[in-house]
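Have a look below at one chain only, the form predicted on its own, in structure tokens format.
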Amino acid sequence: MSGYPALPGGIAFGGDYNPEQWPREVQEEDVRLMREAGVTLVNLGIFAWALLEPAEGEYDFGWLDEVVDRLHAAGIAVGMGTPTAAPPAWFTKKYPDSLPVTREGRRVGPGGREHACSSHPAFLSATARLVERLAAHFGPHPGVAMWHVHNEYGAPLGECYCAWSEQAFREWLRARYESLDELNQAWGTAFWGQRYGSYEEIEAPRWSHTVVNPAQRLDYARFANHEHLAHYRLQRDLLRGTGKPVTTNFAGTVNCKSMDLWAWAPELDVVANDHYLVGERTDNHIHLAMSADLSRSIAGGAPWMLMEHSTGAVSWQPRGIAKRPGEMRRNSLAHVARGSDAILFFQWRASRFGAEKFHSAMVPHAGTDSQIWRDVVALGADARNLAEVRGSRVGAEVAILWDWESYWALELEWRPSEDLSYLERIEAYYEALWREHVTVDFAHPSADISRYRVIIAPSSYLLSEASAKNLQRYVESGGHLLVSFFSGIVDEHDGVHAGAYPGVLRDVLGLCVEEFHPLPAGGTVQVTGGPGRVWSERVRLGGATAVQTFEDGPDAGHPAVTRNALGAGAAWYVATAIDPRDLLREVLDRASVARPPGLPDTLEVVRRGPYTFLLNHGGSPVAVPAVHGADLLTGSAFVGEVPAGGVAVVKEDM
């Protein structure tokens, strides 16, 4: 990545701006209000293809020139969008086979967004022509600070099963495998007589009346990710000549299951993520923190951009739950605490029509005589007050392993229990660490993890031999590894590792598993430290020692939690879904991971460089006597207490 864009001020503040929805007098008012709110960056043109190219080969940029000039004169920078997420009606009419096809064989209709297949040659050609002209026209403009490619790849279009995708899949397979024999071996096509004699016999793994080869499904997920990334690279390469940073906004690092963001990160100049609260979750502030930590980790620890979030309710959840007083501020500053150098929203002004007309905005339908507007103006002041935080970094001593390929593989059909969930165990361990005031990075299993005191593998179902050896070296060198059940089971082709479970983790964990015993729906087992859910299994020790045992259920009397001393470190294993907080405390203590003492678990504590962010999610004030320094948000000395629902950002005395 070549770096963060050169933007005015410190923490960028603003959001998506769609002036094409409004008359000239509203556009002029917008600029006046943006200056009042302290807006420094807006993203333009993201869904404007039909206006920028009203007919094939006919381009009209004049209306957008006026907007960019007006914003630039007001000191507001532009992230210029490429509008390829919204192909115009003329394109779909001329190329109806560009419309994606679902796995069930239904062709998607127009009228929404992302309704063009990323493998379709006409779509690729039209993309290239438009982006080439946008680069030439707007690249030299001093008001354009960066490029915003497409919008939320993978949401809602993940995999397409049209004929164009199928042909591209065959070409992708030819490049991935040295021979058809290698492919047949990797896919295990001897099972159910699926062996292929030519690449032309291979079809997209469409819906069938029974389970389709999971290795083929896994490769198709990889292929779909590759095609979207290739579409991004096509645009990125055309824009690079302007000398301005290029990015695309992820559709939520945690919830965008269809894109492997570890593969995307090296292709972006700056990582950008969208985040929306799940309104009905009572722990949605913890889910937010997890998304932000994953964003920072994908960025390699570098500052990233919160490209979209909401001032209040969204329009696409079952219930549009409005944010409570102070929640928007805490949400925004929690992202900054965890490495974002931007606070951006969808969108600037609430739309009067279309699918998202009930989505909140910086300027709501109620206008400026509203609490949302007053909160937006106050947040703009916060962003200015935090200018010196920009560029600083967050440190972490603990990392959770995250691998999209394991995510894809685990949630295919016919696993031992339908209650197995990639996110469930990750969220359980993350929440326990959050409540212990431990800042977390995320890491790929193959990455350099030597700097962490503790590594947690809550959901590493798919694990290559190379990644397993990486974990073993980590433990032998003094690291502390904690592994949850159903990890290390299959290789990169979803083939079960030879020998007893847990496959390539047997040696580092010092045990084997004779048999899985998934629990019935709602079932529990009692272990020494409390109840376990979802899972039980027959663990046989092979060097490890039992820390806790199953007290009832199919594995009563057998180990439930184990510890294996190996080299200078130790590896722990948990054979059921427990509340992990007590166990984590022991692991953290053994690894000498420090935590601030005496603070309630409603207080979020994050250190970013010399700045300590304190966010109180509770209903009572919290005393923090150990933190001393200036509160950047007030400009005064920190008083040693964070009010209920309040935030402090303390530049600590050194």
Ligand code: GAL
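Start at 1 with the first residue shown and count on from there. Small disclaimer: the values here were computed from a predicted structure and weren't measured.
The same protein also exists as the form predicted in complex with the named molecule; that form is not shown, yet it is the one meant from here on.
Enquirer: Looking at 254 to 262, 201 to 209, 314 to 322, 531 to 539, which lies within 4.5 angstroms of the named molecule in the predicted bound form, counting heavy atoms?
Expert: It is the stretch 314 to 322.
Enquirer: Residue 359 versus the named molecule, in the predicted bound form: is there a non-hydrogen atom within 4.5 Å?
Expert: Residue 359: yes, in contact with the named molecule in the predicted bound form.
Enquirer: Just to confirm, residue 390 within 4.5 Å of the named molecule in the predicted bound form by heavy atoms?
Expert: Output for residue 390 is no: heavy atoms all beyond 4.5 Å of the named molecule.
Enquirer: Taking heavy atoms only, is residue 61 within 4.5 angstroms of the named molecule in the predicted bound form?
Expert: Heavy-atom contact with the named molecule at 4.5 Å: absent for residue 61.
Enquirer: Would residue 295 sit within 4.5 Å of the named molecule in the predicted bound form, counting heavy atoms only?
Expert: Result no; residue 295 lies far from the named molecule in the predicted bound form.
Enquirer: Between the options 555, 274, 269, 427, which residue brings a heavy atom to within 4.5 Å of the named molecule in the predicted bound form?
Expert: Only one option qualifies, and that one is 274.
Enquirer: Go through 460, 247, 151, 291 and name the one with a heavy atom inside 4.5 Å of the named molecule in the predicted bound form.
Expert: Of 460, 247, 151, 291, the residue with a heavy atom within 4.5 Å of the named molecule in the predicted bound form is 151.
Enquirer: Looking in the predicted bound form, is the named molecule within 4.5 Å of a heavy atom from each of 172, 226 and 404?
Expert: Checked in the predicted bound form: no contact with the named molecule for any of the three.
Enquirer: Relative to the named molecule in the predicted bound form, which residues of 443 to 457 have a heavy atom no more than 4.5 Å away?
Expert: Residues within 4.5 Å: none.
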